[in-house]
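Coming up are structure 1 and structure 2: the same protein chain in two forms, each one given alone as structure tokens.
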Structure 1
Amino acid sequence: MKKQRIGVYICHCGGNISDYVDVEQLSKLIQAEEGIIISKDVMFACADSNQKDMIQDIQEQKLDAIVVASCSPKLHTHTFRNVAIRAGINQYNYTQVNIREQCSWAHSDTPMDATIKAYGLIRAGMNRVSYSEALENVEIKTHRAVAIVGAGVAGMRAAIDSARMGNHVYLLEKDFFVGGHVPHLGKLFPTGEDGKEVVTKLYNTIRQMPNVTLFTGAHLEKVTGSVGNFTVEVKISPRYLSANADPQKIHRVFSDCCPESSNPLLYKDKEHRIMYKSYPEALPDIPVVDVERLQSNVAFYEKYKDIFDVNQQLQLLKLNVGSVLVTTGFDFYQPTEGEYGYKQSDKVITLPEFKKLVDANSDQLIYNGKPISSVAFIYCVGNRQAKGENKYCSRQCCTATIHTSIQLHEKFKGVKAYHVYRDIRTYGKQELLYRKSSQLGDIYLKFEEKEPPIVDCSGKQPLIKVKDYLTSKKEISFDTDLVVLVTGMVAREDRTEIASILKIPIGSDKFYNEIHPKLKPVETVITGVYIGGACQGPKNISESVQSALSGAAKINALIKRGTIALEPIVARINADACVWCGKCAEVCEYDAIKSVEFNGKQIAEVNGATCKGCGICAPVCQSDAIEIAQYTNNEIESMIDGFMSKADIKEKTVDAESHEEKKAGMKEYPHVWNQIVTLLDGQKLTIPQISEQLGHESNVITYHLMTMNKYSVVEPAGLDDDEAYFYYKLKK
């Protein structure tokens, strides 16, 4: 039923609206409209005093809906929904009309047109609210448990903090060892701490926490349910080691079958091993058995068979959690064969490979049995491609390279480093590393994407030719022992697996997409599913940990109370009109629609807990049987009609009485003004004094006093004795 007792509040916003829009005239015009019980222009709609007045109006006049025409709905929707709740009407019987950002400010050059537009906007809001329905938030119970997918540094750190906040954490790692890329990076900027040490510290902390359960070899299989109550199905791959085997014997056998490789770059190469670890100190400190290789090597199996259990099966676990945090990280860009000579010459390697090399050597830098005395780093490989797929910058690679170069000088004497770069982006404190590298004698040569360096590997040593833009594009050629390609970060190859299970949108850069980079940086469109770390875009370790911790904090805020309220803005099916063609279910990316039998026919049914209210299903329905709550045909179409409403709006005339004085004389200014005016009668006071005497916070007094000053109600009256604050007095 249409609402018939509507209250309309039109805000002056100090003067932000009323300086351009004739709100007083609009208020009077709207008062005469059908169904409008109250129409007021108020100085600050959001002020406490006005909120109290609104509650009084709603209760005394038995209003059934309210419209507030003021600023953007992004700012005060919750304020006025709360007013509605406190007044005893449904919070969804309120409509916010934006007459500031999208009217008075946007059209401050044409006040009369702004007033005409504001009338249309308010009429649209009135029409919309007249069709508004009382909706109830969906209350959902939440499990105080979190699944964190990915046990890299970001995931482990988030697990620790989430557990400390009182949640049970299931930390799921697809690999058999924790830490992701970090243990393989050697020393890390800016502290110089070793990646392995960082991972070991985090792992040891996790081991001591009873409310963190770590699963390695854990594949996310399926996630059902919704925020507060997800069921996460995980498949755990076996290590094929007997549960009763002596750990010391396992390590002895592991050493027997897997002597350390002389080539540090090959350590992770598990292809040729019966038992393997991703690096010698990898954690958990239990190797993994390649069961096929074990079974094909009968002699080895027979010799040590008491430590193996080849009959172990995949285990399927079901975990109940309230929320999920995804910290699956990234892949390093893998250059294509021939890209700067990669894979065509063994003297061309990537930065992650080079870091392993630097980490593994102690006194002299040896590669393939030969000493290395010069290294050329080529930057931005696989990133910042104007015409390629990876248009973005990976943020951390400039600093990682320069930090590695400094290590070269500190660890191995006499190694020369050439940096063939496009731009150096050692932002923040990392700039100091760039300065240090320059002081150590590193040579920087700048190229542009259109003229990349040429790596010629046909000779004994790689020959690099580059047009140096720092010396008027002079072509410079030099030999080097090793070429290091500074490869950036790319989205994980298996990203779509997790994305399809959790319904996380993927951006054009192929990383996971948050809702808003600034305002909702770790939230996804799936309520209860958060993303953190480098799975959402290139980040260094500090930034990854920051975003994962932010996700952990958001999750705690969500699940700690035990219940959460979801907005009821979801799709609804008109059962009479629906003929179940299935198109709505086809386009729904959240599996929120399924077919059910109703009165002898098949119709669509919406799961309110999983529906996101995006409305994608509505236009594809040929029988127009789908509507989204708050965005119904009646609401939208009546808004369109409202925009086109005409009224007899007259140009505002300026009276002989001062414009400012008239404004100040308005009856609707906040009660705080009355208090200030009474207090200042016959005396001058500073803001802290007024604040103390009236019992309001000083920022509230400052805000109102500045507006009163603007409208010449008060004026400054000199500085106090300490010259710290201005006195204010009433303006006569």
Structure 2
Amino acid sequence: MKKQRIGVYICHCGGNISDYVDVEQLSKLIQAEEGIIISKDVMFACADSNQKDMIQDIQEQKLDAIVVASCSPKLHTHTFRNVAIRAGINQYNYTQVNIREQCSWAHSDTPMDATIKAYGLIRAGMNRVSYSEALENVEIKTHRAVAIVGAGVAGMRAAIDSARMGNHVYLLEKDFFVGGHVPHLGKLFPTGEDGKEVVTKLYNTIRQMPNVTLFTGAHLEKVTGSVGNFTVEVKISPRYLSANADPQKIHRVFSDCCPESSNPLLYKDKEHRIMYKSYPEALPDIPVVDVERLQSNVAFYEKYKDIFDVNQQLQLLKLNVGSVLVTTGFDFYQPTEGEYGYKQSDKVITLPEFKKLVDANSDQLIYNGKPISSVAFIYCVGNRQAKGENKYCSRQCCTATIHTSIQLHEKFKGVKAYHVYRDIRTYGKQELLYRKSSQLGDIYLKFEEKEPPIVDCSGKQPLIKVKDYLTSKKEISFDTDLVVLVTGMVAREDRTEIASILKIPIGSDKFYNEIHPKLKPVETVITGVYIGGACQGPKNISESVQSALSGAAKINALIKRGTIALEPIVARINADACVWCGKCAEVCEYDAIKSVEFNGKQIAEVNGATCKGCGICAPVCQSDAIEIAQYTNNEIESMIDGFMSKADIKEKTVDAESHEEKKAGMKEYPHVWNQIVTLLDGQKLTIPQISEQLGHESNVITYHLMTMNKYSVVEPAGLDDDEAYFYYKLKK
């Protein structure tokens, strides 16, 4: 049934809208429309005073729907839905029309056109809300369990916090050892802790928590279900070690077959080992067996066969969880052969490899049996490429390099360091490292992308030639013992596999995409699936952990009550019209549609918990059996009719007398400010109280208070006892 008592509120937005759109004229035109009981232009629709007035209007005038013409619905949808709920009408009998971004800001040079377009949009909103339905949220039960994919530092830290909130956590790591890249980074800035120590502390904490279950060698195979009730299928790869074997004997055998390598860069050389670990202290402290190499070495197998179990098989686990957090991390960029001499000379290595080298040596920096007295760092290798794949900055590389250089000086006296860079981006407190590096005598040479440095490896030592922009493009050449390529972060190679399973969008930088970097920084388009850490873009350790903890907090807020209320804006099937051609299921990216039998025939069925209401299924339905709640045919067609209707709008004119009145009014603004300041001296008051005592309308007081708040003259001071209005006081 069409709505017959509609209220329309057109916002001035403090001049953002009313400076270009004639809101007063629009309000009068809309008032004459059929079914419109109230039409008001208000200074700030979102102000607490106006919300109170709207509630009063709805209750006194028995309105059954409201339209708010203001700014973007992204900002205030929930604000006005709550107004509807508090007033006693269904929250989905409200619609918001954007006449700021779409009218006043877009057409500020042609106010008449902005006003005409705003009229069309408001008419469209009125028509739409007249056909709106009183929808109810979809209530579903939730499992109070979380699957965290990736057991790097961010994933482990999120697992600990999520478990402390009372959730059961399944921590899934694809590798056989936890920690990701962090254990190989040596000392970390700014704490000075060793990466291995950080991982060990987190791992030991997890082992002490009964509600955290860690799976290593865990491959995510399939995820079905929806928020609150996901079924996660995981394959666990075996280590091929007997469950009954003596742990001490396992370690003795491991030490016998895996002697320490003279080259610290080759510790994880799986291709030549029957048993291996990613680094000596890797956790869990259980080596992995290469079963094919073991079986080919018959003598070794026969000698120690009591510790092996070559018959172990892949295990398939099914875990029921309420939500999923992805913290799969990143990979370091691997230079191509010949890129700055990489792989053409053993004296050209990457920064992660150099960090291992610094960490492995003690008294003197030795590489391949020779002492190193000079090192040249070449920055932005593989990143910030105008014509390459990785156009972004990795953010943490400059800090990591300079921190490594400082460690180099502190650990090995007399080593000279050259920094061949494009830009130094040590933001925040990390700028202190840049200063310290300079004080230690590091030499900085700046190049531009169009003229990169040349590395010549034909001699005994690598020769570097660079046009230094700090010395007016003077060409500088110097020899060095070792060239270190500063490589940034890139998305993991298995990103598409995880993305396809969990339906996570991938951005142009190949990292996972959140919904909005500011408003929803860890949410994905799939409700209940969150991302955190460096899988969504380059971050340092602190930023990665903060991101993952944000995801853990969001998940806890979602599942802790045991039920979730989902929006009912989903696809709906007309069972009589549906003939099940399957095209809707083919185009659905969320696997929300399946075939079911109904009255002796196959029809489509929509999973309301999974459906996102995107509407892609509706246009492919040949029998027109699908519609989207809040976007029905009646609503959409009526919006088109409303927008296309002609408007008898007169161009706004300003005569001399009214112009003088306006000028006089402008002169009064500071006077009103003075009145408000005098009144608030030593006390706090609400907008209605200020309005009553000064004798000005509440919308005028609202306008001035908002402006005074913007310029730090006043500030909010909490809600009144009825929680209806904010108090305001002078800002000290």
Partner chain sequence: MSTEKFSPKILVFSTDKISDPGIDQAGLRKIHYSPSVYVISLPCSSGIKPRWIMRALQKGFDGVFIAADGHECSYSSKCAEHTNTIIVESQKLMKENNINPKRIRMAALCSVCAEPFVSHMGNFSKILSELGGIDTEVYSQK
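Along the sequence of structure 1, residues get numbers from 1 upward. The term rigid core refers to the most C-alpha atoms you can superpose between the two forms while keeping them within 1.5 Å. Note that the structure is a prediction, hence the values are computed from the model and not measured.
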Inset, instruction - Structure 1 or 2, which would you say is the form predicted together with the partner chain? - result: 1
Legend entry - residue 353 C-alpha relocation of at least 2 Å between the two structures, rigid core basis: no
Legend entry - Yes/no, residue 645 Cα shift of 2 Å or more between the two structures with rigid core fixed: yes
Inset, instruction - Would you say whether residue 76 is displaced between the two structures, judging by a C-alpha shift of 2 Å or more on the superposed rigid core? - result: yes
Inset, instruction - For residue 67, tell me the Cα shift between the two structures once the rigid core is superposed, in Å to one decimal. - result: 2.4
Inset, instruction - Please state the CA displacement of residue 713 between the two structures in angstrom, with both forms fitted on the core. - result: 17.8
Inset, instruction - Determine, in Å, the CA shift of residue 602 between the two structures after the rigid core is used for superposition. - result: 5.1
